[in-house]
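What follows is a single chain, given as structure tokens, in the form predicted on its own.
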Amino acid sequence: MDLTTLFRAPPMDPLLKIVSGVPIFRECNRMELEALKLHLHERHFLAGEIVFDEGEEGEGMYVVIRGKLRANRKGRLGKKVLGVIQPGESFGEMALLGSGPRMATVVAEEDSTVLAMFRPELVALAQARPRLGFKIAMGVALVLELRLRRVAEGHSPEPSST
């Protein structure tokens, strides 16, 4: 009998494997990801369905598991496509930090599955597991800082900066 096989950790849940690659959660270890899983909610959107509208109060962020979504922003000359959001990418992260208005409208381009995390759950998670809450908050801050730098340098913002 091979002892390495006996003591090897079971394979990671495929959804958590995707989540672990999202910049916000990249610093989380496996045990933290397992704890985080309890706070992630699977949502399904049909092609053409709106995930959220520009201007509405933000409540949470999303990680795309399957499908493709499009982020749009209203402009003076009409609707501007900010970009396409694909599996392994996140969007709506600012809503984890505050309840301000959404900066864009996100629509499913095709049938899509996302994992959602809402602000009250992040607060509860941070109270129960401060280190994990800190890691996630820092992950959000780093993603937003990167997007702000891109805009300051004259690049278009990434679509997930909603």
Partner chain sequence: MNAERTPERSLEHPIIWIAVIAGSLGSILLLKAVAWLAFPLILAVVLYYLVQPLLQRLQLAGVTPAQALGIFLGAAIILTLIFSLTLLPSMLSSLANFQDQIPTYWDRLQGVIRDNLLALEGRFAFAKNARLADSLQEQLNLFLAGAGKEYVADVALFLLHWLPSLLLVPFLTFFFLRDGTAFHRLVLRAVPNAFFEKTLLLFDRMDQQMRAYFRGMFGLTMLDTVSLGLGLWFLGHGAGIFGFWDAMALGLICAVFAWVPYIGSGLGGLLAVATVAVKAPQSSGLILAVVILFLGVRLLDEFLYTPITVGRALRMHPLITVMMIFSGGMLGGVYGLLLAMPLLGVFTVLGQMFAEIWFDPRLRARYHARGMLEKQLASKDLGI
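Positions refer to the first chain, counted from 1. Predicted, not measured: the structure shown is a model, and the values here were computed from it.
Missing here is the form predicted in complex with its partner chain; even so, the following discussion is about that form.
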Can we say 49, 62 and 120 each have a non-hydrogen atom within 4.5 Å of its partner chain in the predicted bound form? yes
Tell me, yes or no, whether residue 37 is in contact with its partner chain in the predicted bound form, where a contact means a heavy atom of each within 4.5 Å. yes
Looking at the partner-bound form in the predicted bound form, is residue 41 within 4.5 Å of its partner chain by any heavy atom? yes
Going by a heavy atom distance of 4.5 Å, is residue 102 a contact of its partner chain in the predicted bound form? yes
Distance check, residue 70 to its partner chain in the predicted bound form, heavy atom within 4.5 Å: no
Heavy atom contacts to its partner chain in the predicted bound form at 4.5 Å, residues of 51-72 in sequence order: 51, 52, 53, 54, 55, 56, 57, 58, 59, 60, 62
